[in-house]
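Okay, here we've got a single chain as structure tokens, the form predicted alone, with questions on binding and movement later.
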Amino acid sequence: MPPIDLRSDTLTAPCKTMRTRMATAEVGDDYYREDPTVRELEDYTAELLGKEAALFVLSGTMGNLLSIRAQVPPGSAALVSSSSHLHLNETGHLASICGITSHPVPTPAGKYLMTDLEKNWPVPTGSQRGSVLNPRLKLIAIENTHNGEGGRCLDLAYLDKLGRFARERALTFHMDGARLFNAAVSLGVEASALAAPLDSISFCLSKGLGAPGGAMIVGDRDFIEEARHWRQMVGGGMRQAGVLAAAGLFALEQNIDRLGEDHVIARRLAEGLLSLGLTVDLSAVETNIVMAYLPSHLPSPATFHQLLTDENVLVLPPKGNRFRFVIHKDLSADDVDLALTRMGTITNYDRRFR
């Protein structure tokens, strides 16, 4: 049986046309800013998100690192989502490289509760500077869509509120927008509108958009120049990178609008999982990620994961009793139906487990 791989939307292979664009890309040395395809990608991205400038980097993790290191001095503090990729899955670079203390805050449905933020971090008044014992709060970071909360979207009204919160406290406002375009398509708005309140945004070209690698960061020109300096420091300088940039440019030109198809198939998967007896909150399925919880009458999560693997349905190992399923452009509705059929042989617990 061919595997049906639902582990991540980073698993897509470049299509034939993307490969052709890569093979025929005009290149130069990006260290000298002489790669015309990289420069075209950066200009296109800045215009797409309504910002002054953009920088091509190797990964979303590098994009977050550079964005924060370029804007926030070491010894500062940051508000971060306690379930965010930035906090949990980026090897601790906020502390080890950026020198920043994190305040992890719960974000149900991907959002900070504004009342909690305003209560715990009020606007400084007069000459108030806070205790000399505490690091000064300088950053608030968000994730859109929020992977750890099931691909939830942060809408314009919420971003505007959070932007005001940041401005009133002179905080840098950064978005890990790894799947920003999924949010834009789901919400029916331009990505530039979601980016408008932010000082900096990073997003991946390899998550959902189909490129084999790379990410972008955007913001004002001075910030991007500072980020370019730190990109070099962490080994992210590139030479004839236009081969990879061509894939990213194609992805942005051709693969944004089709993200809605992934969202429809994800909903189909969620409804199928629910019919098989797993617990799924359909209202939380907003984009291409489905979080499903294993009820107690089925095997243990570890056993269930192994049974899925035996049926050639590939997912990441569970976190507790939660499984994540991710749809991408190389998966069709038929693939999802086949995956559900294979999973049905496992969830038929009357036959197998009683």
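Start at 1 with the first residue shown and count on from there. Just so you know, these numbers come straight off a predicted model, no measurement behind them.
If you look for the form predicted together with a small molecule, you will not find it shown, but the lines that follow are about it.
**Message:** Looking at 103-111, 204-212, 264-272, 231-239, which stretch has residues with any non-hydrogen atom within 4.5 Å of the small molecule in the predicted complex?
**Reply:** Flagged stretch: 204-212.
**Asked** Since exactly one of Arg169, His85, Lys161, Arg136 fits, which has a heavy atom within 4.5 Å of the small molecule in the predicted complex?
**Response** That would be His85.
**Message:** With the distance limit set at 4.5 angstroms and only heavy atoms considered, check whether Ser59, Asn147 and Arg179 all reach the small molecule in the predicted complex.
**Reply:** Yes, the whole candidate spot contacts the small molecule.
**Request:** Answer for Asn64 alone: is it within 4.5 Å of the small molecule in the predicted complex, judged on heavy atom distances?
**Result:** So Asn64 counts as contacting the small molecule.
**Request:** Examine Asp199 and determine whether its closest non-hydrogen atom to the small molecule in the predicted complex is within 4.5 angstroms.
**Result:** Contact with the small molecule, no.
**Request:** Indicate whether the small molecule has at least one heavy atom within 4.5 Å of a heavy atom of Glu90 in the predicted complex.
**Result:** Looking in the predicted complex, residue contacts with the small molecule include Glu90, since a heavy atom lies within 4.5 Å.
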